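To begin, one chain is listed below as structure tokens, in the form predicted alone.
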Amino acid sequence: MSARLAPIILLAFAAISQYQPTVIGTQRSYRLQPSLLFSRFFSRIRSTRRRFPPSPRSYAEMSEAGSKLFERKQASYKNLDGRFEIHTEKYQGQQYSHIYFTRLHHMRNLLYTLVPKWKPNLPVKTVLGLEEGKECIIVGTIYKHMKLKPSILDEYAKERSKVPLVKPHNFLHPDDHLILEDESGRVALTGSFLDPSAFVTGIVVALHGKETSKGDFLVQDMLEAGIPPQTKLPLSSREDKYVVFVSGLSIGSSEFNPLQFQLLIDHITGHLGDENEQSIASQVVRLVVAGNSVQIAQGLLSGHTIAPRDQSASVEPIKELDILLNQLAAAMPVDIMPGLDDPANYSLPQQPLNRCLFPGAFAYNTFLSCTNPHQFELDGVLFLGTSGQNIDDLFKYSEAKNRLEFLERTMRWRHLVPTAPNTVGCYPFTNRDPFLVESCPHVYFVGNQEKYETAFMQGPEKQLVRLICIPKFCQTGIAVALNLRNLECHTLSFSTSLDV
């Protein structure tokens, strides 16, 4: 049997030897040569053989050949997803008013401590305690009245109407206006200081202004909670270690390219490139898969009974994902987060994907199914991220120059998903809001975005946050690598196109 496999394995290594990376700035690009069309098949052969330790003879052969062995670097890991888990919660028919009350109570106490430094000579009042013409401070939750906001009545009207309703890319309208509310009441906000297009429902702020003769509140200034405190990061004594982020694989969709993802697997597991590339691959200490890993046809998830032939179609993408994750988990620690298209609960926080979906990958203790949002610590670096639902929803109901600005706003508002539960589904928590950001992360990442973007965000107390928008891999072929030593980022770009 080994004699028969030898020519095949030699052919595979010959193909790999013709595959070389091209480095352009901070982007490392890879192009598949025609001789690598069978690489995915051979990588699966390697993944199945990898479970068994090499024989002493193979070690001796490697020593005689002079090949250099690289040991993968390790990093201390701490999972901090506890606050996003809902297994201890018990649903008893509660409504969503509890989570809004909890959010207002927590953020108001925080803003009360900041108001004396901001406006020391102004009184703080409730909405019901406003007096016409007298300047004061009010603290409450913003509600954004939107003319184009979808509702169930619109869906009904669309079914009854002969003319289909136009569905915009977002729901902004010039007539949108803001309202501030607390437990005592609500008041409309006027003036040119606040631009409604930059705000969404669910934000808690402090406003300086006065009540007008019409009963509105004329806003003159605003105070946000600001970036939370951050633990110091000792960067001087660190060595190069990388975390790789990938999202939007969409296995099962027409956009998924299995060869493209196999190139990523082979690169970070050290099966591609020369000794220099393999040395870099050995510095990858963790892979984070940030949601939307599979895509199952919506017709198969309608809740109706499906035919036996369609059952296999719904399972095949998950089986293929398990095979690919099996290769990764055999080489390095892997975190997988659920996304909007994955077989997980729809409402945030999404709970970990069930282990029965990945019988192969879960055989390794390096494989971890996580929540969405996901928070963890790696060598003292605090990570916080989502699979993209929070930022996608902000894009629908507000405006910004780019997606990174949405990330900055959520940090300043100290809330990951301010539009939950208004326009983003979430669990009806009664005595806590798990999306409040109480400790500033060093890395804040969001998956399934249209393109790769990154920047540093600096706070008034010398906080420094690396913001990362991870693009959809099925559309761009791009993964993101972050260096734990200095929080610098670069992309790993993979292509199977034969065009030069």
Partner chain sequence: MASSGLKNFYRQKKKGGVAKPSSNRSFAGKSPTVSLSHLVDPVPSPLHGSGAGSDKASLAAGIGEEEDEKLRQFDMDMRYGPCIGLSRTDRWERAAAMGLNPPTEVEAILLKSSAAASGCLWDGRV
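Positions refer to the first chain, counted from 1. Just so it is clear, the model here is predicted, and its values are computed rather than measured.
What comes next is about the form predicted in complex with its partner chain, which does not appear here.
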> Considering 94, 314, 345, 354, which brings a non-hydrogen atom within 4.5 Å of its partner chain in the predicted complex?
Replying inline: 94
>> Counting any non-hydrogen atom inside 4.5 Å, which residue from 210, 105, 149, 319 sits next to its partner chain in the predicted complex?
In response: 105
> Applying a 4.5 Å heavy atom distance criterion, does residue 430 contact its partner chain in the predicted complex?
Replying inline: yes
> Does its partner chain get within 4.5 angstroms of any non-hydrogen atom of residue 183 in the predicted complex?
Replying inline: yes
> residue 173: heavy atom within 4.5 Å of its partner chain in the predicted complex?
Replying inline: no
> How about residue 126: is it within 4.5 Å of its partner chain in the predicted complex, going by heavy atoms?
Replying inline: yes
> 173-181, 94-102, 346-354, 225-233: which one contacts its partner chain in the predicted complex at 4.5 Å, heavy atom to heavy atom?
Replying inline: 94-102
